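Listed next as structure tokens is one chain, alone, in the form predicted alone.
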Amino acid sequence: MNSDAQLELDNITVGRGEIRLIEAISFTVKAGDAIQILGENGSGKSSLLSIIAGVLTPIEGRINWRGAIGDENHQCNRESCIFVGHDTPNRPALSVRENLAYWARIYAKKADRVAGVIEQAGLKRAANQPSGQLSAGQKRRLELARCLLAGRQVWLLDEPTTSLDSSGHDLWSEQVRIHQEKGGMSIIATHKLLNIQSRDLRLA
């Protein structure tokens, strides 16, 4: 991963319709950093992550992504970030293994990585189960497997441990820590803090 990578939010204002949810927020995330964003439902956490991912546009402000020296654009591009939201993009009729094989092709990764990420995410027993039949907690583990498979530097995680038991929460914490140690960057919207080294930002 690029040790010079840097993501800068400069006076970002987030809104929904006529309602301004977050006013002029600024922060910088560097390689190895993690920020955990806390706030009540409707406080704008998910919208902020969507803006960083380039899915939504801020009312005001700008985002600068520097993935390499001299490389700057206004969002975290597809080659640099992965977004885990509330709606899983997996195909319900395909098994866990088949879904990850599909994502391996999308991310241009070797198919032989699939077995390893299944094990890392604690999904070995469910590997051949259709993803549409997974429990809510297993679906969150499948999203973890997708993050591990993608190998992107920036993880944008919206409530990644929702529906997970304590072991699942610990697993996400461990994998985010490993991601940080490799120079990865994580921005996490959550109601329950992961057990990681991070800056914590509470929205009003």
Partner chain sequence: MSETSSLSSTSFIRAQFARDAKSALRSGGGWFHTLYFFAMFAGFSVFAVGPERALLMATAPGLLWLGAALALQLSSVDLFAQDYADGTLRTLAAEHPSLWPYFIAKFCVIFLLAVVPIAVLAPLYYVLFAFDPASALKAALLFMIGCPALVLAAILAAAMSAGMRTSGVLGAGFSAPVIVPVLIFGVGATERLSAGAFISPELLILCALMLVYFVVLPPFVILALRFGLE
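Here the structure is a predicted model, which means the values were calculated and not measured. Numbering follows the first chain given and starts at 1.
The form predicted in complex with its partner chain is left out here; the points below concern that form.
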Q: Scan 36, 43, 50, 138 and let me know which has any heavy atom within 4.5 Å of its partner chain in the predicted complex.
A: 50
Q. Do residue 56 and its partner chain come within 4.5 Å of each other in the predicted complex, heavy atoms counted?
A. yes
Q) So in the predicted complex, does any heavy atom of residue 82 sit within 4.5 Å of its partner chain? A) yes
Q. Does residue 124 reach its partner chain in the predicted complex if we count a contact as any heavy atom within 4.5 Å?
A. no
Q: Answer for residue 87 alone: is it within 4.5 Å of its partner chain in the predicted complex, judged on heavy atom distances?
A: yes
Q. Based on heavy atom distances of at most 4.5 Å to its partner chain in the predicted complex, which listed stretch, 19 to 27, 6 to 14, 176 to 184, 189 to 197, is the contact stretch?
A. 176 to 184
Q: Within 4.5 Å of its partner chain in the predicted complex, which residues of 101 to 126 have a heavy atom? Give them in sequence order, or say none.
A: 102, 103, 105, 106, 107, 108, 109, 113
